[in-house]
Every structure is written in structure tokens, then in C-alpha cells.
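One chain comes next, on its own, written out as C-alpha cells in the form predicted on its own.
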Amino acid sequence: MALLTGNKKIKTAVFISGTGSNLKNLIQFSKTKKSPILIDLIISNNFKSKGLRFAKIFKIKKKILTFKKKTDEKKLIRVLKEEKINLICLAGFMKILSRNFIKSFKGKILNIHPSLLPNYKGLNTHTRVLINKEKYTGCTVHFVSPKLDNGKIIIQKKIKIKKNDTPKKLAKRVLIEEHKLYPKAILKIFNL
């Protein structure tokens, strides 16, 4: 991905819907010397998203769009272009982006998913993994394509499922790995 220009960091937007733990992790990573990204904008589709507090804490611009109106996505594309955003990181963003939106930022949208894709796309991953008595699960960072959780895989981390795992316990353990994996994926795509 040839977005790195000299020593300038890549202007990045992070899309969230919930607590923002991956967002916080990406912000901390962006402040390190080796990081190729600068988080310039936080987008949420949820007014009550706890992750929005990180906009205030780290003095990052935020925009909340409910995606209830057809024009919301057009507005979002305009905002991202105006802000010269070159990378979008989906971090627990619970809204499916349109084909048109994905085309506008082709190859510049990353997502983190709590399973070893292509297995267990979509929601309720941990519950489904446990019901199917899988021995392993994990997380995946991939490029976003118009098909849900189907884009080219960048990197994965596999973890062993424990006998006493519940969906909640598993989600916590996978999240710890997500926090390590997202920065690694970003370094990988920029060949750093």
C-alpha cells in the first residue's frame, strides 16, 4: 500500500459503535514512533457509543451519523474526502457499509473480526464457535469488500478454546489478541 509519503503519517478514520477498546488501542499505537498512521477522525453510528469519549480525551474530531437517512453515507464520504482520510479502520462498527462506499475507498478500509475467517462471518461468533465445539478460534484483520467479512485476509491470530470458556470469557480473550493484531496488520500492509 503506497500511501506513505516521506515521514508524514497516513490520515486515518476509525469507525466505532460500542466501547471503543480497539479504538483506544489504535490511538495509543498511532502515537508510537513506528506507527504509520495518525488518527484524525472518529466516526460512530451510535450516539451512546462509549468509545466517543476517546475523541475528547485525545482531542480527535468526531462525527456521529445514524445512517438512518440515505444521504448520511454521501455526507460521510464528503467528510472523509474533505479531511483527506486515506485509511479507514473499522473497530467494532456494527453497520454494513454500501458497495458504493466501499468502492469509494477501495483497498483503504480494514476491519477486525473476532473469528478465524472465512469461518464464522457475521454476529454471535463466540456462541457459534462454542456450540460447534471448535478447538480453536481467534481473530482476523482483513480488507473490506462488498461481501460481509469476505475481503482479503491480512493477518490472523489463533487461540485455543478452554474447557470452561463461555461466550463472554472467550470474547475477552479474543479481544486481548485483537488489540495486538490490529497494529501488526497496519505495519504489515505498509511493509514496516
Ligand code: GRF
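The first residue of the sequence shown is number 1, and the count goes up from there. Since this is a predicted model, take the numbers as computed values, not measurements.
Beyond what is shown, the protein has a form predicted in complex with the ligand; the following relates to that form.
The ligand is not shown here, but in the predicted bound form it comes within 4.5 Å of a heavy atom of residue 113. None of the heavy atoms of residue 12 is located within 4.5 Å of the ligand in the predicted bound form. Put simply, residue 18 is close to the ligand in the predicted bound form: some heavy atom of it is within 4.5 Å.
Segments offered: 68 to 76, 113 to 121, 81 to 89, 95 to 103. Contacting the ligand in the predicted bound form at heavy atom distances within 4.5 Å is 113 to 121. Taking a 4.5 Å heavy atom cutoff to the ligand in the predicted bound form, the contacting residues in 151 to 179 are 175, 178.
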